[in-house]
Ligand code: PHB
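The form predicted alone is given below as one chain in structure tokens.
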Amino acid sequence: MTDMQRKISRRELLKNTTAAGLATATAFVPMHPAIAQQAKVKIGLLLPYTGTYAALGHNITDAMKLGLAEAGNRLGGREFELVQLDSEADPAKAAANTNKLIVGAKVDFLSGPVHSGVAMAMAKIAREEGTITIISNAGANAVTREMCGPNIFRTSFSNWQVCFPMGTEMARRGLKRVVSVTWNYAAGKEMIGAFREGFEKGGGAVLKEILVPFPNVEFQANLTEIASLKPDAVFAFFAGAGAVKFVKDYAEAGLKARIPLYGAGFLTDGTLRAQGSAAEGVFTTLHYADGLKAPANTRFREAFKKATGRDADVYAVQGYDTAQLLIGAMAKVKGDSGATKALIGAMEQARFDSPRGQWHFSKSHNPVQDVYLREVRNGDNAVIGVAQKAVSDPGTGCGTA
């Protein structure tokens, strides 16, 4: 059996087992290119719409809709359809869900997810199938390292990229002994690992890495352990509802007054209103901040607020930039979603004047972007400096890096 025959057989098998599981999936009818150009472009979104990360999924989606609406709701002159599927932030369901979109719904483009474990399964299948995929949040390092592919792009960050600069920053501040804490899953371990790399490079020492079962938000035992270790500071990664709970519990346990809290920016992004005064004084590093003084950020925040009634955050920015990438690339190929090579070339050359600042893709298709140092002041993530400019993930193991 030839490779092509094997691929067709796999597609037929998956089509039969997944098409029924997705309401928007339609029967496949081969089309003449001219007719295909009149069909709607399908964009599959595999994002969490329920559970701990639901708010993140909704902000990414709504910001994509905003960007597409600003472009006249056309991609290269064609109408489009968003095929939304709840990832449930569950890696065990990721392969089946990805197949529902690629094989069942036959999407032209795939985007998402939030959870790094979901991203690993999604990227693997997308690479095999050749579907152009845009990672709009998950920071799993491998996606733009050893799992990189010509059809895989990321409009967000790598876990290493946003945390290594905080390690060097905390060492510069003279902190010597710290504790790190996160959920026990891929993203958490990569983030505290990147922090540790930067911190130890600057001469610091990590006393202990505390791993909390995901998605547990009962932190009292962990906070008791932190108090007993008496570190100079704590570095934390949590997001969504977990970040709200950790920051509030940290303050209520009396640790905030004695042990400064630092973290990846997700600790305080999109969570400040719920965290209230407990978040004041928390330092984070991230590739975005609400208060960035740039016309693109001001315009975006006003438009997102008007469209949704909510304040924009980093997740919304990533969704918006995902839309901009699709809009620009499809314009270059005049709406021909089948022109894969030309689409990839257009995406690789994209330059963004984004709400986060100017950025572009590295050779491994990860953003090259500034990482900001932020402090929560009066309920805002105030930018107090640039932790590191034009940070590029090392792209280790990527043949194109």
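When you see a residue number, it is the position in the sequence shown, counting from 1. Since we're looking at a predicted model, the values are computed, not measured.
The form predicted together with ligand PHB exists for this protein as well; it is not shown, and the discussion that follows is about that form.
At the 4.5 Å threshold, heavy atoms of Ala63 stay clear of ligand PHB in the predicted complex, well away from it. Put simply, Ser116 is close to ligand PHB in the predicted complex: some heavy atom of it is within 4.5 Å.
Although the partner is absent from this view, Tyr53 contacts ligand PHB in the predicted complex, with a non-hydrogen atom inside 4.5 angstroms. Heavy atoms of Ile192 never reach within 4.5 Å of ligand PHB in the predicted complex, leaving it off the interface. Of the residues Phe109, Phe235, Phe266, Tyr250, just one reaches ligand PHB in the predicted complex with a heavy atom at 4.5 Å or closer; this is Phe266. For the options Tyr315, Phe246, Phe153, Phe164, the one in contact with ligand PHB in the predicted complex, meaning a heavy atom within 4.5 Å, is Tyr315.
Proximity to ligand PHB in the predicted complex, taken as heavy atoms within 4.5 Å, picks out 136-144 from the listed stretches 195-203, 271-279, 325-333, 136-144.
Shown without its partner, the chain has Tyr185, Ala187, Met191 in segment 183-208 as residues with a non-hydrogen atom within 4.5 angstroms of ligand PHB in the predicted complex.
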